[in-house]
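Here we start with a single chain on its own, the form predicted on its own, put down as structure tokens.
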């Protein structure tokens, strides 16, 4: 009788408190880096944001407005922000640094513990095509996660352009490249190897595709990639990764970084450097990001862009419960001392304290009440000194 729609969740007070604390920490760090927060509607037109988004069509929540237009609940925030930037912001040809904290919606056919509504906190740097902007995304992601209280985490960095160029160079067509890329997205490396062995390729090309799976580890991985790629675009991708490594060292965040050239994303609009964030006790990435230089063309503006999003629910799972909860004071009062209680509560709130006012006639269990709050003040009876029954 009281079931929720598939994939929907309630957020109870303790979790809400933790979420608010973590969210505010992320937002504060992003603001320190000069990012301005923006809001977009929960509902967008299917023909614009819906089709521009990289989310599969069957995962979109669709509905009709009174004029018969198809609407969608926003499935991500990158496409709506690209819409806003292309139509209202990119007039001075200057990079824009925008941030957001918002719920997104993706329908689930089989829930399996996966939410259909979840909150993302993220940033978009629009109008900057430099590798410095990619490095800024990675450094900001690291700084934000640290500020939120996450201690043990790692960013895996890859390059969408490198994978695409390597596969097309060897396989010949984008269709064959996409077919092989699917195994990487599913992290089905056994299936990948079997598929490669079934392809009508020379032994040299087959070996190159199999050796590709070993391109994971430290900075030494970048050097090994040059032995596999032959065309200029692929080599340009490797040079970008080399430049990125120098930027990472300058930010002094190398301890959180690994390279994974097999990394691909379900977000099909990524074109260059991309990354995922992993943390202990969580079986999925808690965040991801990358360069998407072609997305704004769908909204009539040609410019480079990069960004990242952190899944708040997964970040909370990685952090666990907060070490400290915010103390709440309770003032128990009787009718004779109501005004005194109100004045005391007002004074405490002006000091920034959280205060609960509770008429004692509405409390059946005094012990339970005193155990719930960090501090309890009794204003009961004419003098406040009478024993409480």
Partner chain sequence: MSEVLTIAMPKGRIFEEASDLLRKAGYRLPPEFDDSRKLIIDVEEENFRFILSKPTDVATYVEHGVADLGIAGKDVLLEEERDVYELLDLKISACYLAVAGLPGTKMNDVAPKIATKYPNVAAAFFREQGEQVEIIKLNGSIELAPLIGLSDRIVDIVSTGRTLKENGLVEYETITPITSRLIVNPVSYRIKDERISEIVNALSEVI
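Under this definition, the rigid core comprises the largest set of C-alpha atoms superposing within 1.5 Å between the forms. Positions refer to the first chain, counted from 1. These figures come from a predicted structure and were not determined experimentally.
Keep in mind that the form predicted together with its partner chain is not shown, yet the notes after this line are about it.
With the partner omitted here, the stretch from 275-283, 100-108, 128-136, 300-308 that lies within 4.5 Å of its partner chain by heavy atoms in the predicted bound form is 275-283. Relative to its partner chain in the predicted bound form, residues 47, 70 and 115 are all farther than 4.5 Å at every heavy atom.
The partner is absent here; in the predicted bound form, the one residue of 187, 88, 266, 249 having a heavy atom within 4.5 Å of its partner chain is 187. Between the options 119, 205, 260, 293, the residue in contact with its partner chain in the predicted bound form by a heavy atom within 4.5 angstroms is 260. In the predicted bound form, residue 156 approaches its partner chain with a heavy atom inside 4.5 Å. Within 4.5 Å of some heavy atom of its partner chain in the predicted bound form lies at least one heavy atom of residue 194. Heavy atoms of residue 217 reach within 4.5 Å of its partner chain in the predicted bound form, making it an interface residue.
With the core held fixed between the shown form and the other one, residue 266 has its Cα displaced by at least 2 Å.
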